[in-house]
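There is one chain below, alone, in structure tokens, taken in the form predicted on its own.
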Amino acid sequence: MNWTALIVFVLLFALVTVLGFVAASWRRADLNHLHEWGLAGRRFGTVVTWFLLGGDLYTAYTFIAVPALVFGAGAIGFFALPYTLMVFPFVYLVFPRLWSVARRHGYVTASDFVRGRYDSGLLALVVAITGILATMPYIALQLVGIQVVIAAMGFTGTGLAGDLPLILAFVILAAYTYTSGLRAPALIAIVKDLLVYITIIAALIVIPAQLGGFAHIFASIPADKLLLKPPAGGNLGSYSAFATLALGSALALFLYPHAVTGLLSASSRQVIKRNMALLPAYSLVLALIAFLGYMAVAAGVEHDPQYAAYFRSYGANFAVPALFLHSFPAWFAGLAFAAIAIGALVPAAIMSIAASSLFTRNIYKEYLRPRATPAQEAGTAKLMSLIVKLGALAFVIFLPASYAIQLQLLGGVWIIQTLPAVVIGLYGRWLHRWALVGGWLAGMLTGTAMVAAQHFKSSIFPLHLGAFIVPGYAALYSLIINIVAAVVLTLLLRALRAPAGADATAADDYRHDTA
């Protein structure tokens, strides 16, 4: 047991736990209303939204999975950089429209918007189910990050004893999320960012100095990990995989319920636009974090006998914890591990809030209790947030993954299928509501089948086009199938004069800040 690291970790963890409960009194409001508990009353300004979205989007996936992919697979792991740069202009142009229409009509989720736009309870239901389904492995990814750093401090073992610290962290997370709603991760995100910047700045100074400089680090990386493998024999290989991963991930990111929740909590359209201009600052940090994977290769942590058992248990996911244990005194390793764990708690809290809001608004109130009062809505959402986290915990304990990043990529395959209904729906209703359901089904089945064909070990599917093989992200390929199916079915349904339903929104709803 690394007691020094553990004490620092526990102290910082205790600090954010206190903040999580104190947040219930921050900007005090009646948390027995869903828009207050789940969206903090839509009152966050530019600074708070920046911290919230940063904590929401730059997660344990950033700290553990991206460097692990760079450590294990090389340059392909840097796909996370162009995708974060592509996503912000996309959101800047598209999602202020969603904020405006949601504010005007009191929508809490993307499914609320779909319900009003297309007059289709079925379409709203499939969007809600997809959001919940895609969120579960994403929350699990955060718990994997906590699990790895807990093990790095000496908590090892099998069965309940080995999982007890993770279960305890889950209970703490569940408690303050239940009590404080979205205000808790918003407040904790400020501490999380401070710890992250301290950790990364120290790593960039200390580790290269220990390893002989950046030139020596790059010289230590095998050629097959330093660059993407060039196409050969009609196989585009890692080139097409890299490009489609970046584009598909960019299109999927802000369709996740937690990203929508972060956006809808903003106080105005302009807050969203300012944040899309400011958030690329996080992309710089992401590049530096990804580079930790190369530092771990250069440091040779995988061959250090004291870490051998950890690498056998956690694979490449242990690369970053091993690097910090190898390079820093125990107290600073504890601080870095706290940054990773808190970086997991913030998004996990937002994700559980978003998933529970989807269930409450678009399943519970729509089908189970249409006359639910605001207090019953909020109470159901709080209870559901516990159930969602429990499901994610079971996902981690019983279904371990070689690379944690694959959990998030699988969720991306599912959530991107809601793009036609949500994003295209923000600009018009030409696609028929039933056609959108048919396209969603086609995309879900083909996307999942593509990942299943890779035995759920990768989301890269080798698409055969004549003499060419184009490996690519299954999410993007299945989205194309989704859109084609929706267009064809729309033409057919319009020819049959199938009822399109009434639009509850008006053109003016998408352009203004006022409610």
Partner chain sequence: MNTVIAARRWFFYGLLCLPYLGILWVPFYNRIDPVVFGIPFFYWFQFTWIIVTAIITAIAYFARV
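Small disclaimer: the values here were computed from a predicted structure and weren't measured. Numbering follows the first chain given and starts at 1.
One more form of this protein, predicted in complex with its partner chain, exists but is not displayed; see below.
Here is the short version: of Ala298, Met444, Val437, Leu228, the single residue with a heavy atom within 4.5 Å of its partner chain in the model of the complex is Leu228. When you look in the model of the complex, the only residue of Leu125, Ile424, Leu247, Ala151 with a non-hydrogen atom within 4.5 Å of its partner chain is Leu247. Although the partner is absent from this view, Lys365 stays clear of its partner chain in the model of the complex, with no non-hydrogen atom inside 4.5 angstroms.
At the 4.5 Å threshold, heavy atoms of Pro374 stay clear of its partner chain in the model of the complex, well away from it. Within this chain, Tyr92 lines the site of its partner chain in the model of the complex, having a heavy atom no more than 4.5 Å away. Though the partner is left out of this view, Trp331 does not reach within 4.5 Å of its partner chain in the model of the complex, counting heavy atoms only. Partner contact region in the model of the complex: 217 to 225, out of 352 to 360, 374 to 382, 217 to 225, 318 to 326, criterion any non-hydrogen atom within 4.5 Å of its partner chain. Taken together, Met86, Phe291 and Tyr294 are fully in contact with its partner chain in the model of the complex: each brings a heavy atom within 4.5 Å. Along 278 to 295, a non-hydrogen atom within 4.5 Å of its partner chain in the model of the complex is carried by Pro280, Ser283, Leu284, Ala287, Leu288, Phe291, Tyr294, in order along the sequence.
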